[in-house]
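A single chain comes next, written as C-alpha cells; it is the form predicted on its own.
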Amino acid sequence: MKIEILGTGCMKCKRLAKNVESAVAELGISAEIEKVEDITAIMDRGVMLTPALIVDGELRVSGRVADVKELKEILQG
C-alpha cells in the first residue's frame, strides 16, 4: 500500500501525517508513507486543498484532517 500525504508542512498537514502513522500502526499493516511538500507536485496530482491524502493513487481526503478512526476505515478499504 502506498500512502501519500500532501501538504506544505503546516500544522494540519503534520497532524494528518501523525494520524496516518497511528492508523497504520494500530492496523498493523505494511505501507509506504510518503510526504509530498512541493506545491508543484501537489498541484500535478490535481489537489487544490491541503492537507490531502492519496491511497494507492486515489484521492481520499482533501482540505481537512481526518481522524485516526476514519483513516483506519479508509485503509481497511
Partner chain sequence: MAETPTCTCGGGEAAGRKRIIFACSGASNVGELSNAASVALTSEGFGNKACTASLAIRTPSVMKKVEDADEIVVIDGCPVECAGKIAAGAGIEPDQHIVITELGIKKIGDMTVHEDGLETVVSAAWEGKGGKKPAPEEKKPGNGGCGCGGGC
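Positions refer to the first chain, counted from 1. Just so we're clear, the structure is a prediction, and the values are computed from it rather than from any experiment.
FYI, the form predicted in complex with the partner chain isn't displayed, but the following is about it.
**Student:** With the partner left out of view, is D56 within 4.5 angstroms of the partner chain in the predicted bound form by any non-hydrogen atom?
**Tutor:** No.
**Student:** Does any part of M11 reach within 4.5 Å of the partner chain in the predicted bound form? Heavy atoms only, please.
**Tutor:** Answer yes; at least one heavy atom of M11 falls within 4.5 Å of the partner chain in the predicted bound form.
**Student:** Heavy atom to heavy atom, is A17 within 4.5 Å of the partner chain in the predicted bound form?
**Tutor:** A17: no contact with the partner chain in the predicted bound form.
**Student:** Is V65 close enough to the partner chain in the predicted bound form to count, meaning some heavy atom within 4.5 Å?
**Tutor:** So V65 counts as contacting the partner chain.
**Student:** Scan 40-55 and note down the residues that get a heavy atom within 4.5 Å of the partner chain in the predicted bound form; none is a fine answer too.
**Tutor:** Contacting residues: I42, M43, V47, M48, L49, T50, P51.
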